[in-house]
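Shown below, as structure tokens, is a lone chain in the form predicted alone; questions about how it binds or moves come after it.
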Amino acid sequence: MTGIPKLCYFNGRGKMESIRWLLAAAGVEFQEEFLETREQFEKLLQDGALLFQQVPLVEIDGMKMVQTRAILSYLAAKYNLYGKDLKERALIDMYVEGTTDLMGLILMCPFLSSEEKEKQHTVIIQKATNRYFPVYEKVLKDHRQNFLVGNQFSWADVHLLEAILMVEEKNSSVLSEFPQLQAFKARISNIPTIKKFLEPGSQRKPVPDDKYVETVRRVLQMYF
């Protein structure tokens, strides 16, 4: 199993899911170790594996990488999903930061009360349809290419598809006013590596449930 990236996180989406998506899109096999106990987490801390006392943790190329953005940037560059020059990389970064902001609104939902969740869902749909999706719709319409940057498959495309699917879980008709994004979703979903990741039985994680929330709270001692 030498050379296969090892992912250490909870058995759920969270901040690791975008890393799983990017590895899967690149066609890279990876192992996972799931955090289930406080003792596992404390051992990582004692071993010095967690630079900032946080997960995700990805072991790759002899490194123990933390900080989601750093991991994703490294993977995108390593697997040629980061554009062909600095200008394309800057565009990819901008588009990814936008989808990261949108997904951040969703990632907190499982930890909210029922009343807070309902309010947050409204915020997610409002911001997706008024702030974020119009940007990507315009980009695709203006340059008339299949991908967001440089007319080649990149991290930005992977991240946008992940965000679209996450928002659609909140409102299945959210793309009704975005024909370019509808076509984009269909195209990217049919890329062989992506298609495989979207199939049942893949390492893609389901919508977080109560068990996931309870595990995260217990392991991280989130008593609120």
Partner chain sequence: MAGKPKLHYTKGRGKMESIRWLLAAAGVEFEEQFVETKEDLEKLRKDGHLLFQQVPMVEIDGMKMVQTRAILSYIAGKYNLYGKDLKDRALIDMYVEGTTDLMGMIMYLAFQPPDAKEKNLALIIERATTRYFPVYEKVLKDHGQEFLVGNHVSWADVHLLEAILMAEECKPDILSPFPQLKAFKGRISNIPTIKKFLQPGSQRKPPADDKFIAEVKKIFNI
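Nothing here was measured: the structure is a model prediction, and the numbers come from that model. Numbering follows the first chain given and starts at 1.
Another form, the form predicted in complex with its partner chain, is not on view; read the next lines as being about it.
Point to revise | Triplet Gln53, Arg69 and Ala90 all within 4.5 Å of its partner chain in the predicted bound form via a heavy atom | key: Yes.
Practice item. Report whether the minimum heavy atom distance between Gln152 and its partner chain in the predicted bound form is within 4.5 Å. Key: Close contact is absent here: in the predicted bound form, Gln152 is far from its partner chain, nothing within 4.5 Å, heavy atoms only.
Practice item. Please run the contact check for Met63 against its partner chain in the predicted bound form: heavy atoms, 4.5 angstroms, yes or no? Key: Yes, Met63 sits close enough to its partner chain in the predicted bound form that at least one of its heavy atoms falls within 4.5 Å.
Exercise for review: Could you confirm whether Met94 comes within 4.5 Å of its partner chain in the predicted bound form, counting heavy atoms only?
Suggested key: It does: once its partner chain is placed as it appears in the predicted bound form, Met94 has a heavy atom within 4.5 Å of it.
Point to revise | its partner chain contact at Ala77 in the predicted bound form, heavy atom, 4.5 Å | key: Flag for Ala77 set to yes.
Check your understanding: Based on heavy atom distances of at most 4.5 Å to its partner chain in the predicted bound form, which listed stretch, 166-174, 29-37, 44-52, 191-199, is the contact stretch?
Key -> In the other structure, the partner sits against 44-52.
Exercise for review: Sort through Lys84, Lys119, Lys141, Arg131 and report the residue having a heavy atom within 4.5 Å of its partner chain in the predicted bound form.
Suggested key: Only one listed residue qualifies here, and that residue is Arg131.
**Study point:** Heavy atom contacts to its partner chain in the predicted bound form at 4.5 Å, residues of 97-123 in sequence order
**Key:** Residues within 4.5 Å: Glu97, Gly98, Asp101.
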